[in-house]
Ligand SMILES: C[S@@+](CC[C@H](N)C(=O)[O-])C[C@H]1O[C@@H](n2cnc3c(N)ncnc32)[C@H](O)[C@@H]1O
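This document opens with one chain alone, in structure tokens, the form predicted on its own.
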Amino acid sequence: MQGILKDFHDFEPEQESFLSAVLNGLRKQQKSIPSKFFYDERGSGLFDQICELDEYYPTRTELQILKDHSADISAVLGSRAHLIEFGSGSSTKIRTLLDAMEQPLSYVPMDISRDHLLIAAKRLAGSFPDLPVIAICADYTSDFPFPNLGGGRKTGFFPGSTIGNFTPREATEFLKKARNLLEGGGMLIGVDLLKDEKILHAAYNDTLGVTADFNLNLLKRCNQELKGGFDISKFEHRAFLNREKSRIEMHLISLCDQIVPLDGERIAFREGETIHTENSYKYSVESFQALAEEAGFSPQAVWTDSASLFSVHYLKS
């Protein structure tokens, strides 16, 4: 018996939203491009490669936490719940969680990348033929008409430390929206922990250069989709720890003075000027729990690895 994708809801952002976001970001004094636009088909594939790198500890550490504590996690999630994933990420993580859950009612992945979402959802449906899979292509940080799933509790799953890509204020607002969407259900969420700077530096500056390719792919996407004229060889990936703000910052640095055409505009870059592409905030267990409480959640449980590299939290609405 082959599993099928039961339903698909397409709220994919219009092409103009990418263009306006890039132009608005590049007009600022500190140039920027929102990190959510990393994940076109190629970007999603590169991120999958990043997750397999020796230096990139979050994916394997979070997965091990889910495996080691599957019984406890299943107990707090309870039975007969709709599992709603914010972002269609690692199939291994979601399979591990679904295997641990008692009689899940459906799996609902949400992702901004339509092609990546459909491939992942259909593959998962094939592995769980009796589980309804309902895919939603949307920017889950925005407002969109969430479909009626019928009866049953909603449980959120937000793995991969993606919460760290938001500023603390944005993270609080996201959790408030998630809490409203879940309508009283709980939330299982992965949170990266602040740790030794050498470990963090290696994770975001891998020796194979995959993270650099992932970052530079934003400029390739601008060239392909927005009539951009970026010379990729004149930009370089840079990632570093901003201790004051407790975050890793990723930038693309201009290697020379240059003018880049983009959709009829001309964007000036000075040598050494950067495009800020991503933040990855790092928390202590206590600081994240305080943030969750500010959003209206009640922290119920937390699991970490033996080296305290990563944490998985269960929040109750």
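The numbering used is simple: start at 1 and walk along the sequence shown. No experiment lies behind these values; they were computed from the predicted model shown.
Although not depicted, the form predicted in complex with this ligand is the subject of the following passage.
For a quick test of understanding: in the predicted bound form, does each of Asp130, Lys154 and Leu182 have a heavy atom within 4.5 Å of this ligand?
No, the whole trio is out of contact, none within 4.5 Å by any heavy atom.
Residue among Ala121, Ala178, Ile84, Ile112 with a heavy atom within 4.5 Å of this ligand in the predicted bound form:
Filtering the options by heavy-atom distance leaves Ile112.
Taking this ligand in the predicted bound form as the reference, which of Leu219, Leu241, Ile73, Ala138 has a non-hydrogen atom within 4.5 Å?
Here the answer is residue option Ala138.
This ligand isn't shown here, but in the predicted bound form, which of 112-120, 193-201, 146-154, 222-230 has heavy atoms within 4.5 Å of it?
Of the options given, it is 112-120.
Is Asn215 near this ligand? Define near as a heavy atom within 4.5 Å, in the predicted bound form.
Because no heavy atom of Asn215 falls inside 4.5 Å of this ligand in the predicted bound form, the answer is no.
Contact with this ligand in the predicted bound form for His69, defined as at least one heavy atom pair within 4.5 Å: yes or no?
No, His69 stays farther than 4.5 Å from this ligand in the predicted bound form.
Would Arg60 count as a contact of this ligand in the predicted bound form, using a 4.5 angstroms cut-off between non-hydrogen atoms?
So Arg60 does not count as contacting this ligand.
Does this ligand get within 4.5 angstroms of any non-hydrogen atom of Phe47 in the predicted bound form?
Phe47: contacts this ligand in the predicted bound form.
So which residues in 151-172, when you check this ligand in the predicted bound form, have a heavy atom no farther than 4.5 Å from it?
Result: Pro159, Gly160, Thr162.
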